[in-house]
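Read the single chain below, which is given as structure tokens and is the form predicted on its own.
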Amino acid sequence: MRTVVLPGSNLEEFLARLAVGHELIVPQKSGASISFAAYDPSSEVVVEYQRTLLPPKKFFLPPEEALFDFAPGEGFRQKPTSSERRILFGLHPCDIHGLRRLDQVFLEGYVDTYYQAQRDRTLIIGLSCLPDEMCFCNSMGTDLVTDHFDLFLTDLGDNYLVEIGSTEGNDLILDNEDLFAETSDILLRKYKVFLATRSNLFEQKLDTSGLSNILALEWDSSHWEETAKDCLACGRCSMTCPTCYCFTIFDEVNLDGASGSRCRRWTSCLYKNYALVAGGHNFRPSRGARLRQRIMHKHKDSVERHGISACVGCGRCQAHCAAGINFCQVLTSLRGESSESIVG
């Protein structure tokens, strides 16, 4: 993989140039949080942040979107998708891995053309980060990336080491080569030190060995209902998760009662009516059963279906849980271990 160097003083100019001819999305302050939003030269681009409130999945699977319109005598008309090239800048490794998981769901086998259209027009520029007490991507093997990005920037102080992951990423470098320099032995040594230092900063650890098998054996565990006593079933963990993709379909009918739009909207397996079917039967009536469903899907079902866990260890579920549930502690207790073992 080819690498180049971007002096930190050139980053602002690089982003300004990318915004010409592209829809550029960057991390920016949004109240007390950080959010991915459209680039604004007058607003600060935040390059040192822990996590955004909503993950980048919102640009590929929007919280709500109209799929097609319908009207008598006209049939169905699919909603047009913008063809403008888009760049998402500043994605951390865990979020890039999150998109990789979504690709498995929406692009392998049955292809979701709405998701595909958004994916095809988007370039990904990743950015390094340092963990806080909520991060456990190191345990999930998602703290580093080797693919599924076009460029990846590692902050080494005064410079960014830039890894080129695609031909389109290479074109961005060639179009702006006056801003870049070749790598040096000093910077490569700094990069190695960064990786070693970062690895030692993780406070939270999760033993994932045999986790899928353990969860299968703990299907009837009392831990589910015990943990669910604190759960509010609000769905925050699902909405902020980079890989949760459940949605519901509904029609918005116009005042004429005949025309309208078919839409889809995010939903959560933690909602009480999620598993409600015709006739009034609910397959998961208790909060414990719904909490079990969410965790089983992440760490067992996804492993069996895709060969990899759907959890990327970003920590959003724990950081934004209104009840303060620590999912690493939940999984550790299911292993029969003390919650102290999650702290390195």
Partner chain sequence: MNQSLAKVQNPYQPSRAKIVDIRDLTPDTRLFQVMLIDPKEREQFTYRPGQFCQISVMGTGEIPISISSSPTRPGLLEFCIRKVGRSTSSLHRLVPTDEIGIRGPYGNGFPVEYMQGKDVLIIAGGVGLAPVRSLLYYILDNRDQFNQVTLLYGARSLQDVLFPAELQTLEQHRDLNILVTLDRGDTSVWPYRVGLVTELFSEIEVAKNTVAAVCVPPVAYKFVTKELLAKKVAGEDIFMSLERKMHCGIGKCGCCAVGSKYCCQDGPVFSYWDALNLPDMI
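Residue numbers count along the first chain shown, from 1. The structure presented is a predicted model; accordingly, all values stated were derived computationally and were not measured.
Not pictured, yet referred to below: the form predicted together with its partner chain.
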query	finding
Triple contact flag Gly73, Asp103 and Leu123 to its partner chain in the model of the complex, non-hydrogen atom at 4.5 angstroms	yes
Interface stretch in the model of the complex with its partner chain - options 310 to 318, 40 to 48, 27 to 35, 296 to 304, non-hydrogen atom within 4.5 Å	296 to 304
Touches its partner chain in the model of the complex: Ser199 (any heavy atom, 4.5 Å)	no
Partner proximity in the model of the complex: Val253 to its partner chain, non-hydrogen atom cutoff 4.5 Å	yes
Heavy atom of Asp112 within 4.5 Å of its partner chain in the model of the complex	yes
Close approach of Tyr274 to its partner chain in the model of the complex, 4.5 Å, heavy atom	yes
Contact residue in the model of the complex, chosen from Asn170, Ser212, Thr183, Thr248 - any heavy atom within 4.5 Å of its partner chain	Thr248
Interface residue in the model of the complex among Glu226, Glu108, Asp158, Asp175, criterion: non-hydrogen atom within 4.5 angstroms of its partner chain	Glu108
Those residues of 278 to 293 which, in the model of the complex, come within 4.5 Å of its partner chain by heavy atom	Ala278, His281, Phe283, Arg284, Gln293
